[in-house]
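First, one chain by itself in structure tokens, the form predicted alone.
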């Protein structure tokens, strides 16, 4: 490699007793796309935040264009041409696209018309289709990400760090992003791409750096490796192969959950769910695809009892449970693994044992003559730690002290146990690394094999294709249809997620054929 644009030499970072980065060294070349792979807690984001100036290294050196630099803040990084697009966007929703992009960079009297024209030209140059005068809060999440990229381009960025950039995108948007990354690198710029998705790594990266436990454990070129080897380097062993045998309907099993003509319309607001109809058989995984924010969370909350339907009914094993609240539905054997475990799934300051009985303290399971049997709770939690391979010393440690993947194992274990009939999984693998994803997916298939019904909400199409027996696609609170996974392609499901019906697709195809 010729002189690298960025070189990290022996970078270590310590947070109190935790060694997040341990003697990490890497080089990034001009015009190169480098993928950074690793499990949660491997140190990927930490090392990049050091390069971007959000964290300061405990020891080690940073070189940019062969010159040693001390990067004390993001401003220092941006002055050197380094930008970072993080998982959580730093946009002001009340401001326009142009106002967000020039914020902090333009001083004195501002010619907004001129700035807006410049932003629009930059957007058009990369085929982003971002309206420069639109209010950011009115834009879908995929367009907001493009605004973040435009902010970096406007600042003359030449080294772009992207942290899990495809987590919130539709398939077509992912393709657009990949095209941008290639075009940006071909112009002589460099990209560091943090992701756990093997398909993206193999599609866009020139070189792949693998981290584990704060250290670099491997470095390979894309054309010299495959996904199996990358997985082994990431987690230290081969992934367990998942297998899904048979279907619920093939076995002639009964309907477990029935949702009939359900509409949810808050007072003085548009409906969040409109005329939803479906059923889930026992021993079936029913998947729901869609861009986040199209009614998936409301659907979960409605089935779990936290959101009352305006009309329609919900049946569990033939019994009408529509009038029941959350407590009543828990007693009926419904578990709910919410998409935001920090907000809805756990209390970080409570111990693992307290979190395990958090939603069931009133059930007879723990009740000994009106007193909670903590010995039983501790014994149960310890068994969960062992069965789910949770990295925790014992049941007394705070849930917040665990890594994200281990926190999710605890939440998944609790809800799978409480859901004796139906388990709702809303984005159960979002933000997890490859090993943790594999563990959660094994649990989902195990619940299915035990005859439970599973409702799986996921924005990861590969996950739905691998796990679901049937897939429904949601758009603006409605079902675009329910399909056999074999009848769907990534392109077709992407169009459905964008609101294009099967009839419209057929019509478009016929029109192209006639031409």
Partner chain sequence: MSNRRTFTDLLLWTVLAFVLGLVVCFSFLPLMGINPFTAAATMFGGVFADVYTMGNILVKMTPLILTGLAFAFTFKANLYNIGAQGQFYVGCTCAVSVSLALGGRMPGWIVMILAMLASVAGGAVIGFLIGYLKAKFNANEFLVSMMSTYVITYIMQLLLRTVLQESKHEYIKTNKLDKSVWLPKILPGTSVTLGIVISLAAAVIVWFILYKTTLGFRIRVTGQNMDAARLSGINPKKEFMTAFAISGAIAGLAGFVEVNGLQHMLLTGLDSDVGSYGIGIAIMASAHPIGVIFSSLLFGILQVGGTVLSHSTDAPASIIDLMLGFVMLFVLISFYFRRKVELARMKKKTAGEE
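Residue numbers count along the first chain shown, from 1. Computed from a predicted structure; not experimentally measured.
In what follows, reference is made to the form predicted in complex with its partner chain, a form of this protein that is not presented.
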Open item on the list: When the contact criterion is heavy atoms within 4.5 Å, does residue 156 count as touching its partner chain in the model of the complex?
Closed with: no
Open item on the list: Taking its partner chain as it sits in the model of the complex, is residue 343 in contact with it (heavy atom to heavy atom, 4.5 Å or less)?
Closed with: yes
- [ ] Evaluate residue 380 for contact with its partner chain in the model of the complex, applying a 4.5 angstroms cut-off between non-hydrogen atoms, and reply yes or no.
- [x] no
Open item on the list: Whether residue 269 contacts its partner chain in the model of the complex should be assessed with a 4.5 Å heavy atom distance threshold; does it?
Closed with: no
TODO: Find the only residue in 347, 220, 324, 122 having a heavy atom within 4.5 Å of its partner chain in the model of the complex.
DONE: 347
Open item on the list: Can you pick out, from 118, 169, 315, 372, the residue that has a heavy atom within 4.5 Å of its partner chain in the model of the complex?
Closed with: 372
- [ ] State yes only if every one of 14, 354 and 358 has a non-hydrogen atom within 4.5 Å of its partner chain in the model of the complex; otherwise state no.
- [x] yes
Task: Stretch from 273-281, 439-447, 197-205, 330-338 whose residues place a heavy atom within 4.5 Å of its partner chain in the model of the complex - done: 330-338
